[in-house]
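Listed next as structure tokens is one chain, alone, in the form predicted on its own.
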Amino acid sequence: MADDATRRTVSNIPLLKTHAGPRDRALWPQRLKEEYQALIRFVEQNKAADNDWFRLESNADGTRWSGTCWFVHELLRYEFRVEFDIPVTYPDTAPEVAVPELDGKTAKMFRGGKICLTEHFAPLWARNVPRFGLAHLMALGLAPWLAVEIPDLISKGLVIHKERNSG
């Protein structure tokens, strides 16, 4: 169950209305517009709370997304590349977020660096189709995964800060 801070954060992300995926040529542009609006609102909200932690951009048709995310642990910022494709069955199916450089470093990850969202996030997404979008994926999928996995990977020596690694 989500804590109060998570509930507040998510309640400020606009819910999406258009039930369309990339194959729906007529409605996909409207859905994509809603996705961008929700992501912009989420990023603004994060910046206002001094909790800026990711950047995303998409290809021209909005089907491939990439960027960076970061996690601060013991005052050190750990930055990772993040990427995902929009499934053809979107929004009924959530995208599979990948953090490629962490591939094989944790059991909570699938081949190709795709993070495990099946236990907790997938049922939540399914209950909220089509209202949830990419901002919700970041807030309720990637953020909690990073919060659990990154400190553990650091403590095991599997993730080393770049400055410490080069020095």
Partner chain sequence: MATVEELKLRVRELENELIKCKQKQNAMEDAHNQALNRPKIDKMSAEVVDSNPYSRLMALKRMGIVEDYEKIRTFSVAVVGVGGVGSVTAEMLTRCGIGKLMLFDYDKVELANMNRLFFQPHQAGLSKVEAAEHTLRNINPDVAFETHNYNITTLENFTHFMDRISRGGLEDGMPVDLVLSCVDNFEARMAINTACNELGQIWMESGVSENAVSGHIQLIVPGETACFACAPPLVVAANIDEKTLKREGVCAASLPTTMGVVAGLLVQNVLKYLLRFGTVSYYLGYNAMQDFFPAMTMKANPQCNDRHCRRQQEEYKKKEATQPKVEVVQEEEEVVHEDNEWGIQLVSEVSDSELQAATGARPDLPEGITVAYTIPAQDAAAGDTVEETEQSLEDLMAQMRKL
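Bear in mind that the values here come from a model prediction, so they are computed numbers and not experimental data. Residue numbers count along the first chain shown, from 1.
Here the subject shifts to the form predicted in complex with its partner chain, a form of this protein not shown in this document.
Not one of Glu74, Pro100 and His161 comes within 4.5 Å of its partner chain in the predicted complex, counting any heavy atom. Of the heavy atoms in Glu96, some are within 4.5 Å of its partner chain in the predicted complex.
At the 4.5 Å threshold, heavy atoms of Asp85 reach its partner chain in the predicted complex.
The closest heavy atom approach of Ala60 to its partner chain in the predicted complex falls within 4.5 Å. At the 4.5 Å threshold, heavy atoms of Ala26 stay clear of its partner chain in the predicted complex, well away from it. Contacts of stretch 102-136 with its partner chain in the predicted complex, defined by any heavy atom lying within 4.5 Å, are made by Ala107, Lys108, Met109, Phe110, Arg111, Lys114, Cys116, Glu119, His120, Ala122, Pro123, Ala126, Arg127, Asn128, Arg131, Phe132, listed in sequence order.
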